[in-house]
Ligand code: HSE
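Given as structure tokens, the chain that follows is alone and in the form predicted on its own.
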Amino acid sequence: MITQYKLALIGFGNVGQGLAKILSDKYSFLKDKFGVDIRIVAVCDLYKGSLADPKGLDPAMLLNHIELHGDLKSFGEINTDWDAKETITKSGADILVELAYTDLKTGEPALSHVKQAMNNGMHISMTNKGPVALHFPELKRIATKNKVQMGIEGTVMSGTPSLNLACEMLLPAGITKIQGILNGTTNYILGEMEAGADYEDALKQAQELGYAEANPAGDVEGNDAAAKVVILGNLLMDLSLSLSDVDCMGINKLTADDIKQATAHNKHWKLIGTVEITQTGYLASVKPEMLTNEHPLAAISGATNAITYSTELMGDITLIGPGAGRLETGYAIIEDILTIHKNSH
């Protein structure tokens, strides 16, 4: 039996286009293998324009139009002047895919979008960390009240199934501690510094490769990783963490001497996010740590992410994979949809 899922996309940047590419290439495979007929019925992007078609938009044509024109404003008769609110109300979509920019101070505008959609009876898939890091308990209540599901796989390690694996298979094993390299930008910079570059040159290189933003503060000061620690603690340990509960320190204070000292002792600096259940409560932190070669996260190089779950029944389990990227994060939305599908049947 085939189930159709109609998607409304808020935002059509790298991740939205990555999703369109996957649907263009894998539509038949997903339909035949998993029984899901996934269609984009609306796109709303502040800069690229808005369009909607209840029968579904051809993802290859969307990508082609973006490549030729840079936006979707001249796509044709199905162009609309809908903003995000109208798109959610009028598109007839089953799932809102929230891909607006991330704001770790308020969670807006994404927070309003997902609340509206869930109150309208729509499921959610979002790669946007803001609403989840800041308002997870509230969003969970709204989802439960409206009997809808909230997919957030892409908020922690892109398409690497860190949350699905933990929720589906590791929770029963008793997760007591989570440690991770949750930010690829800083891991890349630290690797370059270990190879002899100074901090400024390594950061510049990361920016040129597209790993770091023009304003890299969110990465290098540890805020991005801290948001992910909050998400992991709240989702997997039933904590009620906020960003202010995470003891946070970035890599921007590390010097060449610090790096040399680690190398001399056969150790490696990594920016580690940790959340752990303790006898008195919990410990949540993001800070640079010197790891010995035996540590499962010591050998993770480049812009790769990794996470180690410590469990009562299985010991330590480490998952390594991409933490960013157009197709990689687009794939996280496919994972969310497949999970929504599985839980609905």
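Note that residue numbering follows the sequence shown and begins at 1. This structure is a prediction, so every number in the text was calculated from the model and none was measured. Take the two forms, superpose them, and find the largest set of C-alpha atoms that agree within 1.5 Å; that set is the rigid core.
FYI, the form predicted together with this ligand isn't displayed, but the following is about it.
Legend entry - in the model of the complex, segment of 84-92, 175-183, 160-168, 189-197 with a heavy atom within 4.5 Å of this ligand: That would be stretch 175-183.
Inset, instruction - Spell out, yes or no, whether the shortest heavy atom distance between residue 113 and this ligand in the model of the complex is within 4.5 Å. - result: It does not: once this ligand is placed as it appears in the model of the complex, residue 113 has no heavy atom within 4.5 Å of it.
Inset, instruction - Flag residue 219 as yes or no: does it have a non-hydrogen atom within 4.5 angstroms of any non-hydrogen atom of this ligand in the model of the complex? - result: The answer is yes: residue 219 has a heavy atom within 4.5 Å of this ligand.
Inset, instruction - Decide whether residue 224 counts as a contact residue for this ligand in the model of the complex under a heavy atom distance cut-off of 4.5 Å. - result: Contact with this ligand, yes.
Inset, instruction - Classify residue 211 as contacting or not contacting this ligand in the model of the complex by the rule of any non-hydrogen atom within 4.5 angstroms, answering yes or no. - result: Yes - in the model of the complex, heavy atoms of residue 211 and this ligand come within 4.5 Å of each other.
Inset, instruction - Using the arrangement in the model of the complex, list in sequence order the residues of 106-131 with any heavy atom within 4.5 angstroms of this ligand. - result: Heavy-atom contacts to this ligand in the model of the complex: only 129.
Inset, instruction - Would you say whether residue 215 is displaced between the shown form and the other one, judging by a C-alpha shift of 2 Å or more on the superposed rigid core? - result: Moves: yes, 2 Å or greater.
Legend entry - Per-residue C-alpha change between the shown form and the other one, residue 188, threshold 2 Å, rigid core fit: Yes, residue 188 moves 2 Å or more.
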